[in-house]
Each structure stands twice: as structure tokens, then as C-alpha cells.
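Here's a solo chain for you in C-alpha cells, the form predicted alone.
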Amino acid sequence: MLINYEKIEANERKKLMAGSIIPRSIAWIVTKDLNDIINIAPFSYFTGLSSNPPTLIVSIGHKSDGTPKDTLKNIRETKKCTICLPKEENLKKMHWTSKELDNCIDEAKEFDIKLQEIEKDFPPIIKGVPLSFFCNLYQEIDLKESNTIPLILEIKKEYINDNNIDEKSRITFKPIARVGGNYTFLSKYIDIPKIP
């Protein structure tokens, strides 16, 4: 089967891409608005982009009424966010934070998510996550007709939980990823084979 992306609707392209580009790790993004209300939301169109400058890219859509999601609005206003990588134990609360709420509702309080201040110039991290990136907005990309806004975020600092560093100084944890419309756990590590 050969599918011409120019001849199918955007929602069909999204389904195909979400089922084909797998697994997609999840950025559990913490932002603050100008009134210090905490917003927490997961995004699976997310990946590393470059190490020089150290950047990530995440795509953020809009609410059902067409207005920018709170994460996008907050990053545009403050130019800052904290990206946490959730682990298996975070799955339920992480998924709950995907619910569309009014922007005056603090997700941390709504879903009893404990936060931890690490860097005073950035939003807090979600307590107990394996690692977090403290990021500044580097660039917003205009995809013209798209309802999704890709943001390039520059990593300023990274926090790694000491419990997630092994004896060889490697970062180890059991991350959550997205496969199509479902979640998956990526808990098996495989050593890199030697090249002949």
C-alpha cells in the first residue's frame, strides 16, 4: 500500500504518523503563567534536535476551541519551561494531565502532583522523575496551515535524579513512550552490538 499524504486529510496523516514513528518519548512539560499558575501537560511529538546548540523540539497543538494550549501560551509569554521525563509509576497522573482544563486551574493541585524547586529561574520539576531539562524558547516554527506549533527549546540545565545513575555513570530508568494511541514502557535495555 502506498499512501499519498497530499490526498488524505490532516487527521488521517496524524493517525498514520503516530502509528508509524514509534516509540515517541513523552515530554511532561511544566510551565507557569504570568500569575504563577502551574500547568502540566504531556506531549509525545518530542525529540532531541541538536547538541550544539543543545536543543529539543516539541510540537504543541491547540485546545478544542482553537485557542493555544496553556503550555504554548505560557512558553510564549515567559520563554521558559521545564521538561520532565516520566517513568512507569507516573503513567496515571501523567495521562490525567492531558485533560483539557481551564487555564486558571493548577494541574499540580488538581491531580495531587508533588513538585520540587530545583532552579529558581524555571518552573519546578515533578518530584521523583528521573530527569528534567530546564529550557528557554529558542525558536517557534510557523508551519503555515498547521494547527500544531513546533517549538525549538534550548536546554540550559539538566537535572538527573541520583537514583537513576548506575555504577557506569549511565542514566537508567523505565520511561514511558507513545505508540499510536497507546502508551508503552521501555524498560528493557539491550547492549550495543559490536560492529565487525
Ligand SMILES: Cc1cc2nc3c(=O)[nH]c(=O)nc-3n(C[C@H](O)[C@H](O)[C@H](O)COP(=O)(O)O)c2cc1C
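The structure presented is a predicted model; accordingly, all values stated were derived computationally and were not measured. The first residue of the shown sequence is 1; numbering continues from there.
What follows is about the form predicted in complex with this ligand, which we do not show.
For the three residues I60, K69 and R178, a heavy atom within 4.5 Å of this ligand turns up in the predicted bound form in every case.
The stretch from 123-131, 137-145, 164-172, 61-69 that comes within 4.5 Å of this ligand in the predicted bound form, counting heavy atoms only, is 61-69. In the predicted bound form, this ligand sits within 4.5 Å of a heavy atom of H95. Under a 4.5 angstroms non-hydrogen atom cutoff, this ligand in the predicted bound form has A41 among its neighbouring residues.
Contact annotation: K99 falls within 4.5 Å of this ligand in the predicted bound form, judged by heavy atom distances. Residue contact with this ligand in the predicted bound form: L153 places no heavy atom within 4.5 Å of it.
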